[in-house]
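In the block that follows, a single chain appears as structure tokens, in the form predicted on its own.
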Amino acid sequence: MPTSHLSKELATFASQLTIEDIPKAVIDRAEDLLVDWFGSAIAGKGARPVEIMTQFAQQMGGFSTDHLGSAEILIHRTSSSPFLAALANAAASHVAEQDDVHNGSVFHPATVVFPAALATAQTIGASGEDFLVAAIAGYEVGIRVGEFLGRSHYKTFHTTGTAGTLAAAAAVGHLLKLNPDQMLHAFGSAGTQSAGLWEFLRDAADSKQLHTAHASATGLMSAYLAQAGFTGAQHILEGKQGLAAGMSSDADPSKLVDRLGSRWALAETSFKYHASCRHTHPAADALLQVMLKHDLKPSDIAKVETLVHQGALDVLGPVVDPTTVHQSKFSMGTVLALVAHYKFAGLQEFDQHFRDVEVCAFRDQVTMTLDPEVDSAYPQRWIGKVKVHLKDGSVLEGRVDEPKGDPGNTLSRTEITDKAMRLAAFSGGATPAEMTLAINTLWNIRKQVKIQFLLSSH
């Protein structure tokens, strides 16, 4: 058994990280992820669960629309406390299913880290440089906690809701300049509040947005409490009655401090190209590869067998007949049907076509089969393999080793900007002129002496 205090080691890293410690390429990547997150946050405008959560935040904050709070609620152009702004913005950024994902931890860092960090930075007047370093600390902590909790955790728990509390606490704690002991207390408070169960998928419930809202706001609260002297469990992650003990059967404590300061997990994070659960992307890209290579039409295809990892079966398997747009994004058949018909499973494709007769017919001809190679590579690599059975009796096979958006097949800054503009246009959350101005600010965030509001007129 290791004698080192791993939670403390991780907390010390998050507390003491400086801009000089971080390679320029990692800082650049953090800016890429920030702009990508902003597009997803604006895309949440108008989504019923997001609007309910935002209305709740505004009611609890006691701020009228013309009253100045300290932090910005993006989709409503209002302001509130940092706690409630983080809550609302985290909910908003996890509904379009286009926010980033780290493969190895199966964790969506941006949607919990950036809302908490932005709200805090706006409140305390932090610089853009401080904001980026804090966000990087949040990514590094959250990803490692997700990896530590392992595959058994993800089978039942939504890792973004659980590890996300620690990620947000690390980011906010860094902005608040918590010392290592205070950061460890913040981790203790964040970890004891970690939550998020996959059962919501069976009912098309709204819980996924609640998971990110709760994680981001809880992490923020935990850091502020620690700053004020509130204590938390010192071994919340690896302790005998800690997070792993209650939520994992294959936890690996060494993952918590894996090459801290030399391996930058943030740089491994993937962008989402299709507007759906990331578990659908490898197969979607493999199907598209086959269709383009052989010039196929949907009507040529009798059935599609996707060869997947166990995580895909666990998360996507319960969704057989999706009844809402959001639930359809967790249906392998629906995603592949949209890709087959439209070459892309974007927001408009889901919104307008997920219940189309031909889409549903194609959906029902898609199956998932556990594949040993794909499963053994997961979660470090998300391989896409399909067998496309044609109506003439022939079978074509497709394979993608790095889905679009992975670090080895990434999006350019132009593509990231275009994606953000497209997300805003879909939701009507901001005009093209407003988005252009805000995105330009974010691309130059390093130069900001003090983080300002991005959209509000305050």
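Start at 1 and count along the sequence shown; that's the residue number. In this text, all values refer to a predicted model and were calculated from it rather than measured experimentally.
In what follows, reference is made to the form predicted in complex with another copy of the chain, a form of this protein that is not presented.
S.K.: Are all three residues M53, F200 and H235 in contact with another copy of the chain in the model of the complex, where contact means a non-hydrogen atom within 4.5 Å?
M.R.: Verified in the model of the complex; spot residues all in contact, yes.
S.K.: From the candidate stretches 300-308, 131-139, 319-327, 153-161, select the single one in contact with another copy of the chain in the model of the complex, where contact means a heavy atom within 4.5 Å.
M.R.: Result for this chain: 153-161.
S.K.: Among P82, G333, P282, G146, which has any heavy atom within 4.5 Å of another copy of the chain in the model of the complex?
M.R.: Contact with another copy of the chain in the model of the complex is made by P82 alone.
S.K.: Pick from N179, Q352, T192, S254: which has a non-hydrogen atom within 4.5 Å of another copy of the chain in the model of the complex?
M.R.: Checking each option against another copy of the chain in the model of the complex, the one that comes within 4.5 Å is T192.
S.K.: Contact with another copy of the chain in the model of the complex for M60, defined as at least one heavy atom pair within 4.5 Å: yes or no?
M.R.: Flag for M60 set to yes.
S.K.: If you check in the model of the complex, is A312 within 4.5 Å of another copy of the chain, heavy atoms only?
M.R.: Heavy-atom contact with another copy of the chain at 4.5 Å: absent for A312.
S.K.: Can Q365 be called a contact residue for another copy of the chain in the model of the complex at 4.5 Å between heavy atoms?
M.R.: No.
S.K.: Would you check, heavy atoms only and a 4.5 Å threshold, whether Q122 touches another copy of the chain in the model of the complex?
M.R.: No, Q122 is distant from the partner.
S.K.: Go through 241-257 residue by residue and record those having a heavy atom within 4.5 Å of another copy of the chain in the model of the complex; state none if no residue qualifies.
M.R.: Result: Q241, G242, L243, A245, G246, M247.
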